[in-house]
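Quick setup: one chain, the form predicted alone, written in structure tokens, and binding and motion questions come after.
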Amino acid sequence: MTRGGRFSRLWLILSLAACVYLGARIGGDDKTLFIPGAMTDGHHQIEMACASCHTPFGGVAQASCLVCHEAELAEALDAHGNRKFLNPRNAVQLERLDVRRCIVCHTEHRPAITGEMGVTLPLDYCSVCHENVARVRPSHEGMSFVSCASAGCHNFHDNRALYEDFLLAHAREPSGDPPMPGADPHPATFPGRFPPRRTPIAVEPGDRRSLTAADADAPAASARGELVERWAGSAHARAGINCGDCHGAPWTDDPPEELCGTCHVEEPRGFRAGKHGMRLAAGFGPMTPALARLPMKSEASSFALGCGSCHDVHDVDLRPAAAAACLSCHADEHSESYPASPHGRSWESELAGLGTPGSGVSCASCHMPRLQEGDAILVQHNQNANLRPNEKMIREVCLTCHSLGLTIDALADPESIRRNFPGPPALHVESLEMARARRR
């Protein structure tokens, strides 16, 4: 065989070996070899679920984004929705920036040009359409387009808490009436109460009577005595849910967490949409603190997140899940500053029986807010839903106890957020003043 023939044969063997190796890697669980760059904080947990976004030889389809985000976009007060750009007058804008396609702004694997909210466009991308905004709004004269998305100003997809009518309705203008001596007629912070939960539970039809420890159908074992006593005082026992309803027949000590969704329908849905449960929704194992990008406590690194991670399934006391469970994993400064913060102190006061029920502010008060849906008041278990952007907290949470002006300023102050709002914010956003000036 000639030298050229030996070289060709070697090249063929190496090529076949490379194909086999690459085929095995792309078909296996570990696809890091094919990832061209780091994922954003929002998607890094599912970076191995390539098929969730990518279609073979077809890039990222718009439909792939909507699988997870369509409901959120439908709920948003989106001034930049598709309907706006179906108007022929705006067709020219699409030639410059086709914002109907998610990947025009949100492109993965490009960390060097990706902002905090996952936007991969230049920070002044608003100027593509709004370069002459100062003609219509003189108050914007001299402002940098880089500042458009600052807290208290503009959000591309959702301005529910920031549009002018809302700002003016909650501006808390002085009433003109003389205040009571020593009283502030429009305080920045005032006593508020979060509504009690009214969650519908899906259970089998028929009457269920409240159960006691004597009714427990758990196998007789001394090790389960304490658990039975705790269960007997739980909401499960009061609802007639016996041990065997969860542990099954034949008995299993570790019922699958999917069983919780048999009765609690909405909570797992929200959980799987957020960062705590999105890995489960993508078909992976549960999230653990070791996989997080935020600082976490080392002793919790292998803790698998699920319903039982925060909720004790036997005594069903919801209060530890509202703060203590969060602090058992999270070790960032915002979390570790919480116990000594005004919010943390209000929560401890309520737990001690010194505060009015609903007046304490736990971690869940802000990050898993209680939302009214018909006659029900549900806890939103998608813990990052109102952080994209954080102004979403204004309506659902902050206005319960704070004025709109204080809230906007606080959410615009990174240092105040980092230290968990220890006092008045150091920054001021002039959104309210601008809205008032335009209506005069």
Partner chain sequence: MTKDSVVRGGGSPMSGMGRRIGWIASRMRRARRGVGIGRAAAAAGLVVAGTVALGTCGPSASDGDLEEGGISPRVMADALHTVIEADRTIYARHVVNRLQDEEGVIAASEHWLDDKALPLPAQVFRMGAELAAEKSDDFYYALISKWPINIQNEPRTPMEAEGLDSLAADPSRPFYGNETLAGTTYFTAVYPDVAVAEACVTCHNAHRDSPRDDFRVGEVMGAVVVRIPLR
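C-alpha atoms forming the largest set that superposes within 1.5 Å between two forms make up the rigid core. The model shown is predicted, which means the values in this text are computed figures rather than measured ones. Residue numbers count along the first chain shown, from 1.
Beyond the structure shown, there is the form predicted in complex with its partner chain, which is absent from this document and is the topic of what follows.
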property	result
Residue among E299, D98, E258, E141 with a heavy atom within 4.5 Å of its partner chain in the predicted complex	D98
Position in contact with its partner chain when the complex is considered in the predicted complex, options R209, R110, R319, R193, heavy atoms within 4.5 Å	R110
Close approach of F166 to its partner chain in the predicted complex, 4.5 Å, heavy atom	yes
Exercise: C19 in contact with its partner chain in the predicted complex, heavy atom 4.5 Å	yes
is_contact(T356, its partner chain) in the predicted complex, heavy atom dist at most 4.5 Å	no
Proximity of G374 to its partner chain in the predicted complex, heavy atoms at 4.5 Å	no
Its partner chain in the predicted complex: contacted by all of R83, L86 and V104, heavy atom 4.5 Å	yes
Options 347 to 355, 247 to 255, 90 to 98, 331 to 339; stretch whose heavy atom lies within 4.5 Å of its partner chain in the predicted complex	90 to 98
In the predicted complex, residues of 41 to 62 near its partner chain [heavy atom within 4.5 Å]	H54, F57, V60
After fitting the core, L12 CA displacement of 2 Å or more between this form and the one not shown	yes
